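Consider the single chain below, provided in structure tokens and representing the form predicted on its own.
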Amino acid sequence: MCYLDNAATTFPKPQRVNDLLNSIAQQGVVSPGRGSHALAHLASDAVSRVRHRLARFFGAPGDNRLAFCFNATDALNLAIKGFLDNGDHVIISSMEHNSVLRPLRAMQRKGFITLDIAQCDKNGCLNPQEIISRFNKSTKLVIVSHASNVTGTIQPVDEIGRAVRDRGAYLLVDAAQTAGILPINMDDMCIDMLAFTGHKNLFGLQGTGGLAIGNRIGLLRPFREGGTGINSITELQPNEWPEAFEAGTPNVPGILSIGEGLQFIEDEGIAAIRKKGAEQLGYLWNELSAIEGVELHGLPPGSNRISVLSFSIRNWEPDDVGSVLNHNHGIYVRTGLHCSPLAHQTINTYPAGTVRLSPGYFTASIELETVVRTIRTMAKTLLPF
């Protein structure tokens, strides 16, 4: 097996994450805050420790401003639906994921908000002036992906954040692709809300993520109500943060897996993790760019980007490339639009999309060599149509 789809979910996980999951499978874990017995207290304490570490990791102003969610999409929905009011104006970039675009389009269709899309260039780079030029008196929220899941392009979030703050609006950052591989400090980067997922570069399980909430956010409405383990006597959702946003039993094994993933990141160092990704990207780019018929999309190595690489092969449909890689060679990649049709329109690969390679920290050199050799052979092959 040659797994090159880490932008979707990192695999394999660090050994310490696997050890934790084995321990949970054997010893079990109970629901935090749902009982007065010792096991419930142990679970609450364990979740609280991970919350504290994540708040510190992202520079959130306090533990109560780190709400656990089920993924980055869940966190983005909380931020969007819990913060916007009728008549608000929102600006996003043309590289945003459907987890941003779809809830906004639904609100726009109902006449609840107005929406502008700032155009990025053919490599997915956003000029902050494109955001600034779209401001009006009703602009309340700007939403930007820290890095694209299609081209890997890193956006100038700190510059955008300062411009947004100077104009009295708020910045929501989608850090699904960057949390764990790029340093993030909400205060330094003028980020008001940060959505992240646990199962990518934080090395946790699927079904985990969260929203970090900055000091400037005073009101955020929960969009999911139910049991929280506190104030059970009231028939209304409690106001206390973060419990107000965490109705229902949380994914405790998943949350604890993020804690082990964080420990791995801190032990290895973000700089070392990113350096390895840059080396992997450099190898793939140099080898694939030398193959006739292969087109690479996005900025070259050494630019402001992460190690996510999209490419096309002349006379091949991306889905056919993925199918051959999968069934004939055991190489697992992502093909199509990657839930980001706006991004593919921006880089002129719509509607077919691309083939995406996303190596991870545990990807071996031989896996990269295998995929390059296979793509070289495929590029020389003309399909019979």
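Here the structure is a predicted model, which means the values were calculated and not measured. In this text, residue numbers run from 1 along the sequence as written.
One more form of this protein, predicted together with a small molecule, exists but is not displayed; see below.
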Query - Candidate from Ser99, Asn251, Gln280, Gln155 lying within 4.5 Å of the small molecule in the model of the complex - any heavy atom - result: Ser99
Query raised in the report: Which residue, Ser93, Thr197, Thr151, Ser257, has a heavy atom that falls within 4.5 Å of the small molecule in the model of the complex?
Result: Thr197
Query raised in the report: Which of these stretches, 319-327, 66-74, 29-37, 346-354, has heavy atoms within 4.5 Å of the small molecule in the model of the complex?
Result: 66-74
**Report entry** Partner proximity in the model of the complex: Gln177 to the small molecule, non-hydrogen atom cutoff 4.5 Å
**Finding:** yes
